[in-house]
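The C-alpha cells that follow cover one protein chain in two forms, given apart as structure 1 and structure 2.
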Structure 1
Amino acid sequence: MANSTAPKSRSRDLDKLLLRPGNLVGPNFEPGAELRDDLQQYARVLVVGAGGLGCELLKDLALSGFRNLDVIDMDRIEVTNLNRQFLFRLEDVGKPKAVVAAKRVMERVSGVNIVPHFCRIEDKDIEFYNDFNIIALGLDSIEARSYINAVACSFLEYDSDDNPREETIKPMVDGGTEGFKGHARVIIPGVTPCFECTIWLFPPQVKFPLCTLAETPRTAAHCIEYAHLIKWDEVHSGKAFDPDNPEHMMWVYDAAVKRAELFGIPGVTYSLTQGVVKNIIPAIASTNAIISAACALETLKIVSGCSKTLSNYLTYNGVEGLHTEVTEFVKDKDCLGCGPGVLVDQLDTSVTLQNFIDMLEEHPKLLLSKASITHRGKNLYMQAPPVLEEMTRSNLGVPLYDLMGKVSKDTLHASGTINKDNKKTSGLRKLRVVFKGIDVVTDMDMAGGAYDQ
C-alpha cells in the first residue's frame, strides 16, 4: 500500500514528452534521458517581466524542467499587486519584484537557479540577451515588447540568398493578458512574423481631447487625466511626472479627487488613477495562469523539439465561457525588425561616423536620434554611460569605412531614440551599409548579418 500511495515523480509528465517519440516531433528531436538532462543543465531562459504573468511564467518554467532562469524587471512591489502576483506577500511591498520572485520560486522548486536583474531592459548590453536560448515575455507595454523584439532580431543573420541563418535565430515566446482575454505567440525571427510585423494588432490607445479635460469633464477618467496632463505641469513646472513614483501618483490622485468633487463626478480611486495614467487594464489571475501555461509549453517545445510549435498566434477569451483560437499570421518581408535590415547605400568612403549618425536622424525609415553604433560587437560610438562616450568619442571624426575594416558592405546596429508620430521611444535598428565605388569582396558579404557568435 505504501508504494501505491507514494507521490509521483515531479518529472513524470515531462518524461512523457521528452523520453518517447511522437508524430508531431521536430526534425532534430532525439528522445531520451540525455535530452532531459541537457535541458536542465544547458538551456537558459530569460523571463522579461515579474508581474502577474511573469510570476506565473517563472513558476511554470521551473516546474517544466528548466533549471537555469533569469528574470528582469524594473518595478517594486505595491500593495495593489498582491491580489494576482502570487509570489509576493505584504512584507515584500517596496522590494524589487525580480528579486523577490526569484527567491520565492527557488524556495519552492528544488534545484532551480534564478538570477534576478532589478533594472530597465534598456540598461543591459545587447550581448546580455544573446546568452539565452530563448526569451519569454510577460510584459504589459507595447514599447517594451518592441525593444526586446528589436534586440532579438538584431542577432539574426541572413545568407547571400536572404535566408535566415539558423544558428543566429533567437526565439521568443510572448504572452499578454487584458482582463479575461489573453494571447500567446511564438516569434522565430526570420521565420515567423515578429512583433513589428503585426504591430497593427494592437489598437490605438484612448486619448481624451484637452478641451474636454479642461472645461467639461464627464467621467472619473477625465478628472484623472486633467490632474495628470494639465494640473501637474501647472504646479510642477519643468518637473517630469514619473508614473512609477508612488508620491507622484498620489499627488495626481488627490488632485483628481478635488477635480471630481468640483464637478460632482463619482468613482475616482487610487487604483483607477494608476490604471488611467499607466493605461492599465485590470488583470485576472486565472487568465495569467492560462496564458502562462501556453507560453511555458511553447518554450519547452522550442528548446527540446518535442512537438510542433504554435503557428503562430493563440487568442484566449474567457468572458463568456472558454474560447481559444489559433491564427497563422504572415511575416512581412520588408519588416524593419526581422528583415535583412534597412539599406543605407551609396555611402562615400569619406563619410565620418558623426556624418553617419546625423544621417540616421533624417532617414525617413529610421528617424533615429542620439544613436549609439556597434559593429560586430565593437562599440564604435556610445552615447552613454559617460565613460564609454569618452572612450569612443574620438571615432566620431574617423571615416566609417575605416572603422568597419574597409569592407564594401556590412551590417551595423544603431540604438537610440525613435521619433515617430510625435512620440519618442527607445529603439534598436539593423542597418545594411553599402559603400559606393568599392569592388564587392564576396567573403565579406555579410549584408543583413549581426555580430559574430
Structure 2
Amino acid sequence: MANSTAPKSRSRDLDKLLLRPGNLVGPNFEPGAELRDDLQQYARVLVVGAGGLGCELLKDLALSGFRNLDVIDMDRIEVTNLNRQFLFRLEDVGKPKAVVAAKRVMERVSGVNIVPHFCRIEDKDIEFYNDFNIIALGLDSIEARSYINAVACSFLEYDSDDNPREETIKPMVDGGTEGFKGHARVIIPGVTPCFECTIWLFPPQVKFPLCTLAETPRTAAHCIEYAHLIKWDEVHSGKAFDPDNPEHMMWVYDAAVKRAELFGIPGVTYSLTQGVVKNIIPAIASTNAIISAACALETLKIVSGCSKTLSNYLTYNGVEGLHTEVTEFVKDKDCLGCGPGVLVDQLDTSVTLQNFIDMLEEHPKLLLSKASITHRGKNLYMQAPPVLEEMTRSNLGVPLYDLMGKVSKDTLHASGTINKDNKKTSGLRKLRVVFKGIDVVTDMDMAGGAYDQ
C-alpha cells in the first residue's frame, strides 16, 4: 500500500466521516474538526444496563469517539454472566456490574471517562436523564424500557402547531436479544414511534391457567410450575422461594418429578426445572455483539449526523441462515408516552393539589397512585424522599391553578405507581391540564408560557 502521508491519529478512520461532507447524511450535519472535538468534549451518552448488551455498548461507544459516558445498572456480577459479559472475570463475581464495566473500558481505551451508577433507574432524578444527548438501552425487561421511554418522552414539548420542539427531543437507541434473535431500534420522541406507541409488538407472557396446574397437567412445564407455585407454599408456608438457592430448586425438581409420575407425563429434568422457574432465555455472545454494534452505530450517527439513520426498527434472526429486516413503524398520535399528554380538563380553579393527586388514581387513562407532581421542572409535591416531602407538603392545600401560575392550560408531569391488570409498575405520565371557565386569550404576551389558541 502507498505510504500514508496523513498523520497517524487514533481518529483517522472516524475523521473520514466527521470531517468530510456527503450526500447521504443527517439533516443538520456540519462536517469539520469542530464536530469531532465536540463529540469528544461535550457529547454525553448514557448506557442503561451493563450486562450482555451494556458491555458491548460501552466498548463500541468508547471506540467510536465518545469520551463522556455514564452507565447505570443495579445488578451484581454472577458466574452465568461470564460467557458473554466479557468485561468481567471470575474474581469480579459479586461486584457491581456498572462499576467493573466502567473500570475495564477506561483501562483499555485511554481518554474515555465513564461514570458508573450502581442503582435502580427509578432512583435517579428525572433531570439526571436530561443531561445526556442520547440514551442507549441494553435492558432485558419491558417494564424498564417503558420507564426510560416515559422519562425521555417527558422532556418532549410541542409548539402551538402541535409539532415537537426540536430542543426538547431526547433520542434513544434500544436493543434487545433472545438467543439467535434480536432487534435494534431508533426512538426520536415526537417523530418516530416511541416504546409505548408500539407496545402491541410484544406477545403476552405465558402464564398457565391455575386449573391446568392444579387438575389437568399435560406437560413437564405444568408439573414444574405446580411444584413451584402451588406445592411449595403448601409445604413451606410463609418461606419465600429463592430461585438462586440450589436446595430450593432441587426441592421443586423432586416435587415436579413426583407429580409427573402421578400423571404419566415424561420430560421433567433438573435443567428444564431451572429454565421454567427462572424463565431463562438463552443468551449468545454473538447476537449481543451484533445488536449492540447496530445500536452504537446509530448512536454515533444520531449525535453527529454523519450519515442517514435507521428508520426505525431492525430485526435480526440468525437461526436459519441470516435474516435482517428494517420496518418503518409509525407514531401513534394519541400515545400516552410521546403524545402531547393525557388530557385532564374541566378542572375547577379551586381544585387543590391534593384533590388533583387523588383524581389521578381514578382517571381511566392513568390509574396513577401516590403521584409526585412537577410543573416545568419545579417540584409541586414529592412523595419521597422525606426531606422533599416535608418541603412540598404545604402545596397540597393550595389550588393547582395558583401553583401553575394561573394559566388556562399547561403541561404537568406525574410520577407514581400505575395499577393496571393487577400489576403495579413505576410510571411517569405527561398531563395536559385545562382549567374550565378561563377566557382564552389570543394575546401573544402571556406570562408563564401559556398556549395560544
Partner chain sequence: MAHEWAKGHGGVLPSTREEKRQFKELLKSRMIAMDEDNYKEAIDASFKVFAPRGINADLQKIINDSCTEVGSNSSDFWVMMAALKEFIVNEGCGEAPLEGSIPDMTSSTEHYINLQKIYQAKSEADFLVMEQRVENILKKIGRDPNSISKATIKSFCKNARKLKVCRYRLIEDEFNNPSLPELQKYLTDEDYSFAMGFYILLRAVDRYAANFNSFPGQFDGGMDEDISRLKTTAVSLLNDLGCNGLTLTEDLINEMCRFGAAELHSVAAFVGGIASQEVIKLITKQFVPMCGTYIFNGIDHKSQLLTLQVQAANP
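Throughout, residue numbering runs from 1 along the sequence of structure 1. Here the structure is a predicted model, which is why all the values come from computation and not from measurement. What we label the rigid core is the largest C-alpha set whose atoms superpose within 1.5 Å from one form to the other.
Undergrad: Can you tell which of the two structures I gave is the form predicted alone?
TA: Pick structure 1; the other is not the form predicted alone.
Undergrad: Superpose on the rigid core, then tell me if the C-alpha of residue 218 is displaced by 2 angstroms or more between structures 1 and 2.
TA: Indeed, residue 218 is displaced by 2 Å or more.
Undergrad: Please determine whether the C-alpha atom of residue 364 is displaced by 2 Å or more between structures 1 and 2 following superposition on the rigid core.
TA: It does not reach a 2 Å shift.
Undergrad: Note yes or no: does the Cα of residue 315 move by 2 Å or more between structures 1 and 2 after the core is superposed?
TA: It does not reach a 2 Å shift.
Undergrad: Provide the displacement, in Å, of the CA of residue 229 between structures 1 and 2, taking the core as the superposition reference.
TA: Here residue 229 registers a C-alpha shift of 3.7 Å.
Undergrad: With both forms put on the same core, how far apart in Å are the CA positions of residue 266 between structures 1 and 2?
TA: It moves 9.0 Å at the C-alpha.
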